[in-house]
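A single chain comes next, written as structure tokens; it is the form predicted alone.
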Amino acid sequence: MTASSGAGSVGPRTGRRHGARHSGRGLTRWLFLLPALVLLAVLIVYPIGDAIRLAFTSWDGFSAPHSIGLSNFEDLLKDKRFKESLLHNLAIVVAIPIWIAVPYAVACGIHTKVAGWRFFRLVFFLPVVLSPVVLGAYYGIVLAESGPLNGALRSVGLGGLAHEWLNDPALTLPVVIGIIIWATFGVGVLIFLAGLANLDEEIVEAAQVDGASRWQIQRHVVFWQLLPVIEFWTVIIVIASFTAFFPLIYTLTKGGPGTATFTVDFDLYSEAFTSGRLGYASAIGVVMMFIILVTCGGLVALLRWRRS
């Protein structure tokens, strides 16, 4: 009886010790996470909350903001420049198939270790490390009416193709989109290379044994294994298309000619720092955040539906 009661008394004490140890580990994890959580709150959560608050005010950045209700959002619905800027952003988003297909194809070529694959991996990633301001200044020179591109076309007898690439409202936006894709697709190449490095090679080998062609393996095996990577890259593209290209556009075209290359983030900048309407600019930022969330959610849902 004594032995039995002694053995039984060990259980609760042991359980309490395990519980205390588990609680201590949980507290330690939270302590390690605390600096990151503080930074997240200070740099992201608070600014978002404050922007939402300011979106319902009239504020010039100097005097105290005063509440005007939904007036900023009502003005947005009537703002032709905002609608035009939003259409330009959607034009960038519509280019997503190119943004996915080109890095995907390049990554597959590098993954198979074609001749010079290390060199190509470096070359394709090089534009990513350049500042958008540098890229904008560089292409501003190259694409100028008297710049190197038109000079090269004239020198080989193709002067008829020479154009004012950055001064034609019908042509400037496609040119800017092409530059953006070229400047960023190296990130996509690296992301797809990481996905290809984690393929289930047993499935690929089984398909080869069954006599599947290289195209069939790509279409029915590799593509479906890379679909989560495609989802991830798609979300990055959508977020970047609304938030990441202001420096390049500002340096390259300053939103021109006219408003031909105005994007939503460029319009936000113009309203805040040119027109001094920071409350209205906050409303643009809130709407932009909502559009990004809806667009990303819709694209991910569509890709998952296709996968199922």
Partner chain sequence: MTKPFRTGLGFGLAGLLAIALVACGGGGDSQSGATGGSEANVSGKIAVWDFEYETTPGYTKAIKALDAEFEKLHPGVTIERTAQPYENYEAIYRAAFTAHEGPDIMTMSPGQSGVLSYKNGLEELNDRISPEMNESISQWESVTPGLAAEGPRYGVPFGIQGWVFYYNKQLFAKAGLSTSFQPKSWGELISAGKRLKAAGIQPFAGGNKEGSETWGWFSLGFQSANTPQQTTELAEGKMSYTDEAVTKAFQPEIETQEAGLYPSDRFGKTAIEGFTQFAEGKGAMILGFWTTGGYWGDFNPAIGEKNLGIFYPPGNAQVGTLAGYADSIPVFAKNKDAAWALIEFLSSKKASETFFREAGILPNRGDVTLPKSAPVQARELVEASRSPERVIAPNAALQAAVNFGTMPAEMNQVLQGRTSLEGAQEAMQETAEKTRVE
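Residue numbers count along the first chain shown, from 1. Model, not experiment: these values are computed from the prediction. Under this definition, the rigid core comprises the largest set of C-alpha atoms superposing within 1.5 Å between the forms.
This next part talks about the form predicted together with its partner chain, which is not shown.
Mark residue 154 yes when one of its heavy atoms lies within 4.5 Å of a heavy atom of its partner chain in the predicted complex, and no otherwise. Because no heavy atom of residue 154 falls inside 4.5 Å of its partner chain in the predicted complex, the answer is no.
Just to confirm, residue 58 within 4.5 Å of its partner chain in the predicted complex by heavy atoms? Heavy-atom contact with its partner chain at 4.5 Å: absent for residue 58.
Is residue 245 close enough to touch its partner chain in the predicted complex, meaning at least one heavy atom pair within 4.5 Å? Contact check for residue 245: no, nothing within 4.5 Å of its partner chain in the predicted complex.
Does its partner chain come within 4.5 Å of any heavy atom of residue 258 in the predicted complex? It does: once its partner chain is placed as it appears in the predicted complex, residue 258 has a heavy atom within 4.5 Å of it.
Scan 258-273 and note down the residues that get a heavy atom within 4.5 Å of its partner chain in the predicted complex; none is a fine answer too. Contacting residues: 258, 259, 262, 269, 271, 272, 273.
Would residue 154 count as moving between the shown form and the other one, using a Cα shift of 2 angstroms or more after superposing the core as the test? The answer is yes, as the C-alpha of residue 154 shifts between the shown form and the other one by 2 Å or more after core alignment.
Fitting the rigid core first, would the Cα of residue 259 be found 2 Å or more away between the shown form and the other one? No: residue 259 shifts by under 2 Å between the shown form and the other one.
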